[in-house]
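To begin, one chain is listed below as structure tokens, in the form predicted alone.
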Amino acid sequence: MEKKFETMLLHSGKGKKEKKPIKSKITPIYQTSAFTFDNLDELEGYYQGEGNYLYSRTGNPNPDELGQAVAAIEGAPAGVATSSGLSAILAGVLALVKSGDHIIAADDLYGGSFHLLKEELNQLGIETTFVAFSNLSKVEESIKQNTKLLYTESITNPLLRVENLEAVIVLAKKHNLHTLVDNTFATPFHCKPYLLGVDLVIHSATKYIGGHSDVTAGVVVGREDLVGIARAKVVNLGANVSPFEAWLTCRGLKTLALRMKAQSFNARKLAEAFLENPNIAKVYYPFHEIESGYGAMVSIELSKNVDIHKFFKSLSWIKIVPTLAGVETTVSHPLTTSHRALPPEASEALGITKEVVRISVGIEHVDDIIHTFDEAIHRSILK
């Protein structure tokens, strides 16, 4: 019987199996919610470990490729992709702690991480103490009987403190604690925490991994057994990334080295120029970590004689955004965006004032970047 029109609309062109596999140079986008089976035996085979994919929340080739790719460049055996950087943090933390456990976290974390640990995980019975990791003796003093995890960032957001990961790992091993490090700012181009001995490494792949401000994704990489637990959390909490987002992120990842070389070079030059500007009170950039600089982020604290509102209005082609790491130079205001959730006393203690500006340096010509910031500051000086 010939199919009716409505049926043909849905099933024309399907059912034929290719005689030879199609050898695509790039992994196709598996933009599907589910995968099909020829019979119940084949379906049962999936549950017995004989098949790869069932439903895109539980697994899909594109997110798998992203997790594996980032794991490879981190030197880790396994990785899992997630829907965002924050969901990667959540999956990573829940792979290492449970209700009743205690976390010690750096007090200068990204504001979203701070809120997740302090508020959301606290409601699940997971306690967090925030300590200045610049003084590891204070960290050690904060260890309790139920402490399970030390959590920090390889380069902190937004004041760009470079963590002494080797010392953190030594302390963790001394007390039989797990370590979790957010490597978003440094990227594996500058730092590979897993190879130093960190248990799990997380990335907001929205940032430098994707690199073009057109995806939202995260990745957890590290020990295979722990990544397996994180993967289960991603599946069961519905924190999976879509196939298309994963595909775009993999495409962006291919140029990570090229982008980081150019952006880190520009960032160092911009930071050096800022040191000569009398209207900038502080420059935050890890000049002395390696000769070529350490990442593409620069933060500054403008002097009190600069009108912060006029400064942001005077930046010409440089856009104000709440995020970072695209190929274009952008700025953000941490106090009112990324660190808005911090209590005022915490922001003040860390030095995140209204005069602090976080700059994500792009791949434009560095002279144009420097000139645009110089002009914006000059126009914003209070008369």
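Residue numbers run from 1 along the displayed sequence. Given the structure is predicted, the values throughout are model-derived calculations rather than measurements.
Below, we turn to the form predicted together with a small molecule, even though it does not appear here.
- Proximity of residue 185 to the small molecule in the model of the complex: non-hydrogen atoms within 4.5 Å are present.
- The small molecule in the model of the complex is approached by residue 157, whose closest heavy atom lies within 4.5 angstroms of it.
- By the criterion of a heavy atom within 4.5 Å, residue 110 is counted among the residues contacting the small molecule in the model of the complex.
- The small molecule is not drawn, but in the model of the complex it has a heavy atom within 4.5 Å of residue 207.
- Of the listed positions (217, 201, 95, 267), a single one reaches within 4.5 angstroms of the small molecule by any non-hydrogen atom in the model of the complex, namely 217.
- Proximity to the small molecule in the model of the complex, defined as a heavy atom within 4.5 Å, singles out one entry of 121, 260, 71, 86, which is 86.
- For the small molecule in the model of the complex, the listed stretch (78 to 86, 142 to 150, 300 to 308, 163 to 171) containing residues with heavy atoms inside 4.5 Å is 78 to 86.
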